[in-house]
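First, one chain by itself in structure tokens, the form predicted on its own.
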Amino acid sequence: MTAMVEEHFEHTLEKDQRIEPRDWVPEGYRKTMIRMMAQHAHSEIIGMQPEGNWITRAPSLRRKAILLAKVQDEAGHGLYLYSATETLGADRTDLTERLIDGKQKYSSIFNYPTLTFADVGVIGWLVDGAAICNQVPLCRSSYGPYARAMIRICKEESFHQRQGYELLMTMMKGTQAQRDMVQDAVNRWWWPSLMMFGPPDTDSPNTAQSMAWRIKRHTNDELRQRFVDMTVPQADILGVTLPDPDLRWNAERGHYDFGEVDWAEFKQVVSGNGPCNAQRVEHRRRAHEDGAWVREAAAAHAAKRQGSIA
């Protein structure tokens, strides 16, 4: 029986078909998928904080509405992804507790502060742009619930990127102070955006197996290069300078060359020592504790309803 289910699993991957919750999977595959989806879900929920910080201070009702809708979308993404982990037997409460106890990670990008309103636009353009590069191939991930969730998430992330770029275009047509604000935000977010794709392939312990299982379709470095190639022309149209003196077109490669990421900084942030790590996790902890009565009330109502139906 074990040999049969293992053969079915391998055959499904070879045919480039979806693994579904009803299917047997190796324990390593199950743990990898839970880790990956949980990290993604945590990132969506923690990612609400940097932009949510600007909802009440946005300069117009239109900008408030746009930002509020975006933060609401991110909450929905987190819920989709936590639900996907549950199809593999994970417990949502356990995952949340692992996050606030520092046992599970989220994207390093969300540990940087949003100092000005221009940061909101740059997050939409660069951070969501990097997310799209990383996540569109995941629509073809071998695990069905994750792949299907990513289709809707990517559509909404694409809308977020356009919103961010439109905000920056508006600011770049404004005063010199506004243009300086945009350039300053680009300077601060460019390198952390490149870090979003994870460590270089030579230092990525999970990439090879994830690609063998067809969870991922491209390596970290391939996706990082794709993002740079996509973003440089957009920066030219926007009228900002990307803060990399080594950035230039390489006709022989057919790609842009770019400088070395500060991987020491990346490791510091991922290890919990970034500018806002403690603040982000503490805020999530307080929200979890403050919401305990809501979860208890919902559970009691569900139990009462189930009893009346029985």
Ligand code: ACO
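Residues carry their position along the shown sequence, with the first being 1. Since the structure is predicted, the reported quantities are computational estimates derived from the model, not experimental observations.
Keep in mind that the form predicted in complex with acetyl coenzyme *A is missing from the display, and what follows is about it.
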Open or blocked, acetyl coenzyme *A overlaid from its pose in the model of the complex onto this form, 2.4 Å backbone/C-beta test: open
task: Report yes if any heavy atom of residue 35 sits within 4.5 Å of a heavy atom of acetyl coenzyme *A in the model of the complex; otherwise report no.
output: yes
task: Spell out, yes or no, whether the shortest heavy atom distance between residue 179 and acetyl coenzyme *A in the model of the complex is within 4.5 Å.
output: no
query: Wondering, does residue 138 line up within 4.5 Å of acetyl coenzyme *A in the model of the complex on heavy atoms?
result: yes
- prompt: Does residue 195 reach acetyl coenzyme *A in the model of the complex, with heavy atoms at most 4.5 Å apart?
  reply: yes
field: Non-hydrogen atom within 4.5 angstroms of acetyl coenzyme *A in the model of the complex for each of 116, 175 and 183
entry: no
task: Would you point out which of 58-66, 250-258, 35-43, 276-284 contains residues with a non-hydrogen atom within 4.5 Å of acetyl coenzyme *A in the model of the complex?
output: 35-43
- line: If we test each of 231, 108, 85, 142 for a heavy atom within 4.5 Å of acetyl coenzyme *A in the model of the complex, the one that passes is 108
- prompt: With acetyl coenzyme *A left out of view, which of 204, 225, 96, 163 would have a heavy atom within 4.5 Å of it in the model of the complex?
  reply: 204
task: Go through 123-137 residue by residue and record those having a heavy atom within 4.5 Å of acetyl coenzyme *A in the model of the complex; state none if no residue qualifies.
output: 128, 131, 134, 135
